[in-house]
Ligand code: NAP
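Here's a solo chain for you in structure tokens, the form predicted on its own.
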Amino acid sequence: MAGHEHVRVAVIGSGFGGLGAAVRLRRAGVTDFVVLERRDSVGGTWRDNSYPGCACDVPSHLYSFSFAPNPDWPRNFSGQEHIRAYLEKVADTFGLRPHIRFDSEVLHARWDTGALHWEIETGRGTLTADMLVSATGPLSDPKIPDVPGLDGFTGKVFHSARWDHDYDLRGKRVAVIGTGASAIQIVPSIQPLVDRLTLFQRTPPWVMPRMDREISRAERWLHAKVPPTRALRRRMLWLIRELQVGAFTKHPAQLGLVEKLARHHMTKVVKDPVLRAKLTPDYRIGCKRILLSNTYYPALVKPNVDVVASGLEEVRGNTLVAADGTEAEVDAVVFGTGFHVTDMPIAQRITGADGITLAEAWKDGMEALRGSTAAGFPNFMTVIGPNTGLGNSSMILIIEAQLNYMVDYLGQLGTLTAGSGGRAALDARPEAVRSWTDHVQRRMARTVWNTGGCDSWYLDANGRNTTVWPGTTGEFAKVTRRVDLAEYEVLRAPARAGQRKAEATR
């Protein structure tokens, strides 16, 4: 990487957000950009998570870019390998690879107020950029709890997002910590292989049937030859989820019927009343992420599985001890304990105009104007930023809406600098960020995520929901369609001396 390279846009990450940004930039006529990727291939969370059974819980025809439809999805809910292959294909189809810098982890980015650009230090050198787009995503940095005694464990330890495929679990005594979206896919996949599986469950999840099936060859042929059928399928999947949003955001009491369906799904399989009691949540369905599986409960009733309805408290040698005193001696520990969502590590590496990091600016909770821009961080945007997450639909819809906002942002910058010979930047006004955040939090107050009686990863350390969007994806697309300059302070810098001299001699 050249020591003095300058680009118009630098994008961090090459998952759905980063690759989507790259495609939208090219389609908008912007070719002067780079994608900075810390690993050696694209895919983001779908590259990192390769654990047994890894798959998406959003239908494939909705969990893909609108501008890159795939008629060949093999199943309603595709597995990790198919989603990763799809992202590799997007990189190839849209000619993105010349823009991608692999093994280029962003170590630090600092806003230069005088030059009105970002100085970016990576693992392979430095560069500057007019605009910095963080597309690292909330599911990129695994979280392993600080368990007393874990460093003295002599067996194998790894996180679900850093699966060790060289370690053979067959015949081993294995502990799985956590019962989130990854764990309920891992448990049924490894249960037949291991000698004994002990599942440490702090809070039971609500689990619904997974309406999965193979997409027939005839369907795939039809979607390839008659594109409107593919578009209709996507539209129907989207509409069903849009119609469900009201129950989550305005009328949580309506979710009672869904709870009955989930209870029936469990009681069909789990006949032991003691185990059933362990697996029955005491909070409103939807408060935590609803999980989909047809194999989770059948795995838990197998004779080689123990469910410990208590969180992991400490490790003594090779014995795991739960908060209720239950002990289990194991050979391997798999943490399915999620990610740094409300405390994204990349925020510690971004320093804004006031000399403080984004993490410091967000010490009391993440907040960004329209989920995208933060006060004091000019020409900086986060894809899947604060309060842009979803509880029941496809994040790709949110990503595409934010990318439209990004393109309009660049267009506004271009208009501001056209003919002036100078440079310009946009900095979100603190009062605009505050107004937007207050608006979102007022709407959040009656949602199931705030009233459902659970402690979820949607909430930050202060108990505030800084993760989820309390509305439909259609509404989010509307509020991010255009950049309102009234919400921003326009920063300007004079033209460089060389530019002024060149203009004077024209």
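These numbers come from a predicted model, not from an experiment. Residue indices: 1-based, along the sequence shown.
There is another form of the same protein, the form predicted in complex with the ligand; it is not shown, and what comes next is about it.
Colleague: Should residue 185 be counted as a contact of the ligand in the model of the complex, where contact means heavy atoms within 4.5 Å?
Modeller: Yes.
Colleague: Can you tell me if residue 444 lies within 4.5 angstroms of the ligand in the model of the complex, counting non-hydrogen atoms only?
Modeller: No, no contact at 4.5 Å.
Colleague: Using 4.5 Å between non-hydrogen atoms, is residue 118 touching the ligand in the model of the complex?
Modeller: No, residue 118 is distant from the partner.
Colleague: Would you please decide whether residue 196 lies within 4.5 angstroms of the ligand in the model of the complex, comparing each non-hydrogen atom pair?
Modeller: Because no heavy atom of residue 196 falls inside 4.5 Å of the ligand in the model of the complex, the answer is no.
Colleague: For the three residues 44, 141 and 334, which mark the spot I'm curious about, does each lie within 4.5 Å of the ligand in the model of the complex through at least one heavy atom?
Modeller: Checked in the model of the complex: no contact with the ligand for any of the three.
Colleague: Which of these residues, 449, 33, 51, 476, gets a heavy atom within 4.5 Å of the ligand in the model of the complex?
Modeller: Going through each option in turn, the one that passes is 51.
Colleague: Which of these residues, 369, 350, 177, 132, gets a heavy atom within 4.5 Å of the ligand in the model of the complex?
Modeller: Comparing distances to the ligand in the model of the complex, the residue within 4.5 Å is 177.
Colleague: Want to guess which of 95 to 103, 256 to 264, 397 to 405, 282 to 290 is within 4.5 Å of the ligand in the model of the complex, heavy atoms only?
Modeller: It is 282 to 290 that comes within 4.5 Å of the partner.
Colleague: For the heavy atom contacts within 4.5 Å of the ligand in the model of the complex, list the residues of 296 to 319 involved, in sequence order.
Modeller: The stretch 296 to 319, when checked against the ligand in the model of the complex, contributes 311, 312 at the 4.5 Å heavy-atom cut-off.
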